[in-house]
Ligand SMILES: C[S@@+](CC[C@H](N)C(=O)[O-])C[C@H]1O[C@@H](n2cnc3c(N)ncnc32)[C@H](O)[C@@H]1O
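A single chain comes next, written as structure tokens; it is the form predicted on its own.
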Amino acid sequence: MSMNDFAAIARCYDRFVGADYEKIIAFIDHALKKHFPDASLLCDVGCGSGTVTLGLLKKGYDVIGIDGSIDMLAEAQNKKSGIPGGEKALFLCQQLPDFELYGTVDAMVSTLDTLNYLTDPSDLDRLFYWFRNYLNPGGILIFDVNTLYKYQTLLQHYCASYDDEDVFLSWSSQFDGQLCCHQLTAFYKTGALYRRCDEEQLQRYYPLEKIVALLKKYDFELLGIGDDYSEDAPCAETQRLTFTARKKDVE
């Protein structure tokens, strides 16, 4: 099993991730209406199980979702079949940092630690290159990264278990100051038995200065940095920084 492929937890990801999807979708929608009111086509980079992608589809956007996990994209495909107009959502299996679109888009979003899963700094640099390459002039980029506070305080020696009707998940994390290793074990009920799936995931902490430097390098105007998909300023206990930026028209 490859690193970070989410095969072990794709089926139960939405139940245990603990994300406030409605808050994330509302923030993105508000930011686009504020900074690019004519935005219509957007790409969700690292879309996972497609919850954010399809939530933005419901808001009236044309959406493309990209992810490297076949199992997570299978969940996204299943979800879109139950949504009116879901057939309009396009999901592509492509391994980050490199991805390819059929043309440019008005906005790109990348949520829930996608950037932290790129543990090679050169891969992160490459991802910003593609952000710029596929955004229309004036296009909006919205993404998040985990803070050092979160890694040091919540994930340094994290251990938890989650129990649901048909799955039991064990999750432990260790942070060494740069890299955070997550060990996950899921037990899925199959009849009278349980099937065990194991996975190791790795994330890297990226400081604020690194992200700001990449935005500058690839000619993005930083519009704001918020506390976890809000317009509140980050504080000492912020767990997730949310960046909103605009591609400068320098061509």
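Residue numbers here begin at 1 and follow the sequence given. The structure displayed is predicted, hence computed values, not measured ones.
One more form of this protein, predicted together with the ligand, exists but is not displayed; see below.
> Report yes if all three of C47, T114 and L118 come within 4.5 Å of the ligand in the predicted complex by some heavy atom, otherwise no.
Contact check passed for all of C47, T114 and L118.
> Examine F243 and determine whether its closest non-hydrogen atom to the ligand in the predicted complex is within 4.5 angstroms.
No, no contact at 4.5 Å.
> My question is simply whether L96 lines the interface with the ligand in the predicted complex - judged by any non-hydrogen atom within 4.5 Å.
Contact check for L96: yes, within 4.5 Å of the ligand in the predicted complex.
> Verify the contact flag for L42: yes if a non-hydrogen atom of it lies within 4.5 Å of a non-hydrogen atom of the ligand in the predicted complex, no if not.
Taking the distances in the predicted complex, the answer for L42 is no, it never comes within 4.5 Å of the ligand.
> Just to confirm, M72 within 4.5 Å of the ligand in the predicted complex by heavy atoms?
Yes, contact at 4.5 Å.
> What is the one choice in V52, L32, A186, V63 with a heavy atom within 4.5 Å of the ligand in the predicted complex?
Only one option qualifies, and that one is V52.
> If we take heavy atoms and a 4.5 Å cut-off, which stretch out of 157-165, 130-138, 176-184, 105-113 is in contact with the ligand in the predicted complex?
Of the options, only 105-113 has residues within 4.5 Å of the partner.
> With the partner left out here, which residues of 5-27 have a non-hydrogen atom within 4.5 Å of the ligand in the predicted complex?
F6, Y13, Y21 sit within 4.5 Å of the partner.
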